[in-house]
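Shown next as structure tokens: one chain only, the form predicted on its own.
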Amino acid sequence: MTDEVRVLPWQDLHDFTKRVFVSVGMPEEHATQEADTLMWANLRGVDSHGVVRIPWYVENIGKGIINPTPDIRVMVETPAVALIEADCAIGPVVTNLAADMAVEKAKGVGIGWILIRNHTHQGTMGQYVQRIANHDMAGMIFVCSRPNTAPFGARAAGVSNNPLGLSAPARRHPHLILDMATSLVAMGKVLVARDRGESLPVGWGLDEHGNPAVDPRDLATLLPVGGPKGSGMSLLFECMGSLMVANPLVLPVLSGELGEAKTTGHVGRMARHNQNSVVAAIDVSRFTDMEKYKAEIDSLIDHLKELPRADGFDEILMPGEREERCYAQRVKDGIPVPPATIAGLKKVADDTGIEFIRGVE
């Protein structure tokens, strides 16, 4: 195998991804949605949430943690809200459903507020709020997970790096898409650094002794973005998501109910992967003229870009703009894949008995 980063056509990666998930028991429609999700990330340069995740997904399907054929059920429903039991579904399948349900409810009563219980990893948050913005609605999603981030002032994990997505539809410009974790960086960026053989900047996280982790293999606990701000947001997301759907994810780990030590290291390392989410759509037209709203967002973007730039900046970028530019380039030229990621994908192909991407050594 070459030591160089390979640039692969996104269509080939999409086809391979779909075949992988079909081979481990997922219905073709669900496998297609998962492949779409990973390509959405890779094409936009969010490689931390792209095909690098495939080996972990396959491992968790094999362990029975991710259910490839879930019995997804709506448990509670009113005109404005719903609770969906995901039955350990892979995240995109149930989250796409929730986003579409939120949009339909918002069309009816102005807002759709959907809670999802008991799903697994969803990928990027941006794809879901973009899906909502495409319907001329404002979107929001936040996710709750097991502890992997040290609360402000702690040296061990006690909250999750619960991600947040927000969107507002524009007309002339791309939709505004904010996709962020409540940790300084997403765990996926640590995985990418590991596959690239890169060191971690000081401040991304801590090792099991509470010291700064520089080697990605030593990272035990992420650190929150903005100190108390990031960890505070994460705590409130757990209260508004997991506790509200009677599926607590943080407390069972901290209390020792799941058997993990809580004094040092990454207390969530051995906890079974599980997540809950809140997805919301708001019909902007209930409050103001939709076309005027989108035109004003365009104008707001234009004026922000005209502000004096700080030293070292050639341009003022909007949330999601860098990713849209990357998409335009990668959809044409292909997706760069590090050799360690290719090795992991080839092993998945061998383990599942499917053909790898032709021409890739």
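Position 1 is the first residue in the sequence shown; the rest follow in order. For clarity, a rigid core is taken as the largest C-alpha set superposing within 1.5 Å between two forms. None of these values were measured; they are calculated from a predicted model.
If you look for the form predicted together with another copy of the chain, you will not find it shown, but the lines that follow are about it.
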| item | value |
| --- | --- |
| Heavy atom within 4.5 Å of another copy of the chain in the predicted bound form - residue from L166, L258, A193, M101 | L166 |
| Selected contact from L97, L200, V225, A271, since only one has a non-hydrogen atom within 4.5 angstroms of another copy of the chain in the predicted bound form | V225 |
| Partner-proximal stretch of 213 to 221, 107 to 115, 89 to 97, 120 to 128 relative to another copy of the chain in the predicted bound form, 4.5 angstroms, heavy atom | 107 to 115 |
| Contact flag, I72 vs another copy of the chain in the predicted bound form, heavy atom cut 4.5 Å | no |
| Contact of A138 with another copy of the chain in the predicted bound form (heavy atom, 4.5 Å) | yes |
| 4.5 angstroms heavy atom contact with another copy of the chain in the predicted bound form for V143 | no |
| Contact test in the predicted bound form: N134 vs another copy of the chain, heavy atoms, 4.5 Å | no |
| Residues within 4.5 Å of another copy of the chain in the predicted bound form, restricted to 285 to 316 and counted by heavy atom | R286, F287, T288, K292, Y293, E296, I297, S299, L300, H303, L304, E306, L307, P308, R309, A310, D311, F313, I316 |
| Large Cα shift (2 Å or above) at R155 between this form and the one not shown, core-fitted | yes |
| Flag for G188, CA shift 2 Å or larger between this form and the one not shown after aligning core | yes |
